[in-house]
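Two separate entries follow, structure 1 and structure 2, each one form of the same protein chain as structure tokens.
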Structure 1
């Protein structure tokens, strides 16, 4: 896939500078050796492999990066970061692109992973701790795949690996205050 230079946007350089400042990583130092991509376990599911994300940022193509499936899917295993000869924490760069995309309200096409992350956090906000059973059933119904992983259910139940009754901490107000503090309380 060719890089579309024409899509370089005005102001793109500001966003890249913002990513560099917030992440503390030098995006400009990347010389495209491709080691990050060669070790990435998720690249086959991305639209742009990690080294290409780095190049696009260097060129100021921030819209493509913020809207990419890569920024939405990358699960931050940081393998790429341990391999970079320039000591760039590539995963950290992608992580910050993901945060900026979220701040700008970019939802992207990866509905299910977004649903999972938000459902996880709502679950924690409610109980103070994660209630796995509720999260799993909720995700399956909301993503219209009620039978996803159904084969695992008897295995989990037989080994008592899941609790039906939700956990609850005493000082839930404090956890609620944390969510309100970061303005995520109403999302």
Structure 2
């Protein structure tokens, strides 16, 4: 197999260094044993299994990683991280690749998943916890389907499954601090 070096993302090595700095993980420590992939619950839906993502980063193929379905739909179950014999937090590496893709505006093919993820994080950052009503409303408007699932609203309200007014949590500033720390600033 030919080794391809990333050509569409300028500074591929810099992106890998950024992922390592943010995640605190050494991508180069992965020796491709494949345990992360063998236990990954989402690998069946990925375009590249976790060990391949690690290898692609080692080779500087960052554009493929940032645009990959894996980086977009990995749901951070952390199974790969707990099984790694080198104690590499593979899920954390993939998560930071996902964050860099978001910062660069790379949507990939999974636009709705990306939309949901960004809306979810924005919602938690704003309210300190998930406010489902606002999340659903925001997603429906952003996906140009404002009346999507509207028929379910009376049932949901009658069962009191969703609060109209966002609930207050204690120490919401702590949640804001965590987001600032993860993102390297308040974005």
Partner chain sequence: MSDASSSRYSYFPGCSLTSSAGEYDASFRLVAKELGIGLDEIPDWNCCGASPAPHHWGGNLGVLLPARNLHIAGYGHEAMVAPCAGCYNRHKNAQHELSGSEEIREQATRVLREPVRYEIEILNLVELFDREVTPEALAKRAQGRLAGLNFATYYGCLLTRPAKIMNFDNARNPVSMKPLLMATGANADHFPFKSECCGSYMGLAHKEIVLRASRRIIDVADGLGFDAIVTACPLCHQNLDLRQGQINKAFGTNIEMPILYFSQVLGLALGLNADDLGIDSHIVSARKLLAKIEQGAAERTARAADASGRGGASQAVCAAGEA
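Heads up, when I say rigid core I mean the largest set of C-alphas that superpose within 1.5 Å between the two forms. Numbering follows the first chain given and starts at 1. Bear in mind that the values here come from a model prediction, so they are computed numbers and not experimental data.
Remark: the form predicted in complex with the partner chain is the source of structure 1; structure 2 originates elsewhere. Fitting the two forms on the rigid core leaves the C-alpha of residue 147 displaced by at least 2 angstroms between structures 1 and 2.
With the core held fixed, residue 45 shows a CA shift below 2 Å between structures 1 and 2. A movement of the C-alpha atom of residue 18 falling short of 2 angstroms is seen between structures 1 and 2 when the two forms are aligned on their rigid core. The shift recorded for the CA atom of residue 117 between structures 1 and 2 is 2.5 Å, with superposition on the rigid core.
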